[in-house]
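The chain below stands alone and is given in structure tokens; this is the form predicted alone.
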């Protein structure tokens, strides 16, 4: 039996959804994109172009919910299926778009460079419990105008796993689409075998900027999957109560679903977000707070109730170091998310309120993910009835270490973590140098980097990606990209 956790009763979900519909139909949404407003008007919404405001109708919402896919699949650069976002299947991906990295050598947070990004991507390639990569770091040694496309470019070059990404400008979408088509071959093949998920973020309260709404339009037109990242802040930019925040989150996310489905019925989406409570004492948004994690798990239930696969920024920490707080917050989030069946769990590796990545934390989080994935398999009998033969063997042999039953089921029953996790007795631990967690994690990072196997993406495609990226760089007067070894 797969263990499942729930926070909301169906009756409460129905009331939340009903209130969210009222918000959209009576209070409305502010959308700073006239193409989107025109489209909504053509479908019967009440639009005020001058004020960039629109009142939805229940008919529009119902129409969108009828066409939104209940699931979709994701594929790697070689065209192999890696994800099936359906039911309670869960997948982990690193947190995205961090401005900083925690430097192991100095133990200080600093701005990352291209070399940091490539190393991070190589490590992701070797982590068995991280199913996809993300455009995790924003390199400081590149022009900000090509930052989005450059990160996707590096991801496609160095790692075969699909990519969770996004565009912070309208102009970036075109080159990011072309990079994907270079890998897939045609627009049709890209639609049939999606390679990326784009994050599209409404602004709280109940607003879409020109950039984010245009990105949503563009992705929907080309059937590129999107994840909606609504970010209401309880007690600041949303009601202080968890239910009130869930109502606002539902309204903001549903508005994106409508835009997506009216643009292209059947366009794949993840019902996601990155909400948080607001800690008035420090004026911060703690992603590791239990209430934040409860909101994530609860809106996942709402998304599933509405018939969509789900996403959340969870399994990350607000700590500034890889310490006990980082482990506490990340493991609790990963466990709650897995038990709730959040389909795409984003956050491993992240520190400092979603602003910092740590490669060492990523390899630790990979072990947390592995443990939770084992937990989801539940407890099942494996030739355990009758038990008498096992106990007779135990009494005779005095142990079951080399029993046929043990050898057959050992690796199915137990999750064996890497050397990042210390399971040695104290005598052995002391003999081997009393190695700390952070040193073990760094050793694993170095091992994965040494053992990295280059992507099997054909060389001609890699050259085409570089040609496209160089062309984009020249648009912004960059004569060359940072030196890299492919």
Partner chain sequence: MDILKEISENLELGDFEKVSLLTKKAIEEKIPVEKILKFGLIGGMDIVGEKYKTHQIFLPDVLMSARAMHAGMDVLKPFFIREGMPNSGKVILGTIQGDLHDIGKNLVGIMLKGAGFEVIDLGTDVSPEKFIETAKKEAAYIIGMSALLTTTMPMMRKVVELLKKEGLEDKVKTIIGGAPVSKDFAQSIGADAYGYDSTDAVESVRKLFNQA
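None of these values were measured; they are calculated from a predicted model. Residue numbers count along the first chain shown, from 1.
There is also a form predicted in complex with the partner chain; it is not shown, and the following applies to it.
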So in the model of the complex, is the partner chain close enough to residue 144 to count as touching (4.5 Å, heavy atoms)? yes
Does the partner chain get within 4.5 angstroms of any non-hydrogen atom of residue 283 in the model of the complex? yes
Considering non-hydrogen atoms and a 4.5 Å limit, does the partner chain approach residue 263 in the model of the complex? no
Can you tell me if residue 111 lies within 4.5 angstroms of the partner chain in the model of the complex, counting non-hydrogen atoms only? yes
Does the partner chain, in the model of the complex, lie within 4.5 angstroms of each residue among 243, 247 and 316, using heavy atoms as the measure? no
Though the partner chain is not shown, can you say which of 373, 99, 191, 332 has a heavy atom within 4.5 Å of it in the model of the complex? 99
Contact with the partner chain in the model of the complex, heavy atom within 4.5 Å, among 168, 222, 88, 75 goes to 168
Name the stretch, out of 398-406, 412-420, 232-240, 338-346, where some heavy atom lies within 4.5 Å of the partner chain in the model of the complex. 232-240
